[in-house]
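Take a look at this single chain, the form predicted on its own, given in structure tokens.
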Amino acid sequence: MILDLHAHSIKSDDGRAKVQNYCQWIRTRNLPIDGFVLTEHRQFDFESDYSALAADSGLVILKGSEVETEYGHVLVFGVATAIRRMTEQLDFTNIRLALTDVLAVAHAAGAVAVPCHPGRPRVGMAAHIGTYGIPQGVSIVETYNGGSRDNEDAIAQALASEQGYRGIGGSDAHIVSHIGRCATRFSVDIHNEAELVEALKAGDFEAITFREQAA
């Protein structure tokens, strides 16, 4: 199964895509992905229910979050109850969260935290290692990001290779036409957030890119 693990809808402050339009684009363009995860900025969308849309479109639509730390941005994957426990301990709207806290709280709650676009200036992990050192507790990073420029993905992949991190892929889509540029291939079927967390913890996945097909 192939999932785009990093997308933003109009629920995010800079997102300009409606979820139903993502689904329409994937189907009309025959993109080779089976679904996507909505990782809204500095929040978890507890309110929206996309189950009917998922059934109608034949796509898997899951929810996560993207939070901000001193090491840059971090994706959080987990079931709503796990994320609720995290938000009771961490203010997701805080743009200066400590990465060690995000990792520890995610682990305790049964969620998974993944630094995203780590090769990007300012908001990527690699840019801050010189100041803070290699963070403890990271096991997965985003090695393909659909919004990457220049050598940002190469930096992310080199970091992953050097530190032994597993890599995921996501489009980082903020507009409809960017969905599916990058994704993650899993060896198992995934239908909900619990199965996604289990698959990420198992480590049997790989980051892939479809930039040309999605353009």
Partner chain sequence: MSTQISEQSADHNIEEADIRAAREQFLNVVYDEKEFIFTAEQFADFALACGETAPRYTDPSHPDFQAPPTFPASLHPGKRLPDGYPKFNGLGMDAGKAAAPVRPIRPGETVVGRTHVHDIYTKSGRSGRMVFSLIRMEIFDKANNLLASADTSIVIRERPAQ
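Positions refer to the first chain, counted from 1. Note that the structure is a prediction, hence the values are computed from the model and not measured.
Below, we refer to the form predicted in complex with the partner chain, which is not included among the displayed structures.
**Item:** Candidate stretches 100-108, 113-121, 76-84, 133-141, one within 4.5 Å of the partner chain in the predicted complex by heavy atom
**Value:** Of the stretches listed, the one contacting the partner is 113-121.
**Asked** Hey, in the predicted complex, is residue 185 touching the partner chain, heavy atoms inside 4.5 Å?
**Response** Residue-level check for residue 185: no, no contact with the partner chain.
**Asked** Is residue 204 close enough to touch the partner chain in the predicted complex, meaning at least one heavy atom pair within 4.5 Å?
**Response** Contact check for residue 204: no, nothing within 4.5 Å of the partner chain in the predicted complex.
**Asked** Closest heavy atom of residue 68 to the partner chain in the predicted complex, within 4.5 Å or not?
**Response** The answer is yes: residue 68 has a heavy atom within 4.5 Å of the partner chain.
**Request:** Tell me, yes or no, whether residue 42 is in contact with the partner chain in the predicted complex, where a contact means a heavy atom of each within 4.5 Å.
**Result:** Heavy-atom contact with the partner chain at 4.5 Å: present for residue 42.
**Asked** in the predicted complex, do 11, 193 and 195 all put a heavy atom within 4.5 Å of the partner chain?
**Response** None of them does, since no heavy atom lies within 4.5 Å of the partner.
**Asked** Within 77-105, which residues come within 4.5 Å of the partner chain in the predicted complex, counting heavy atoms only?
**Response** Sequence-ordered list: 95, 96.
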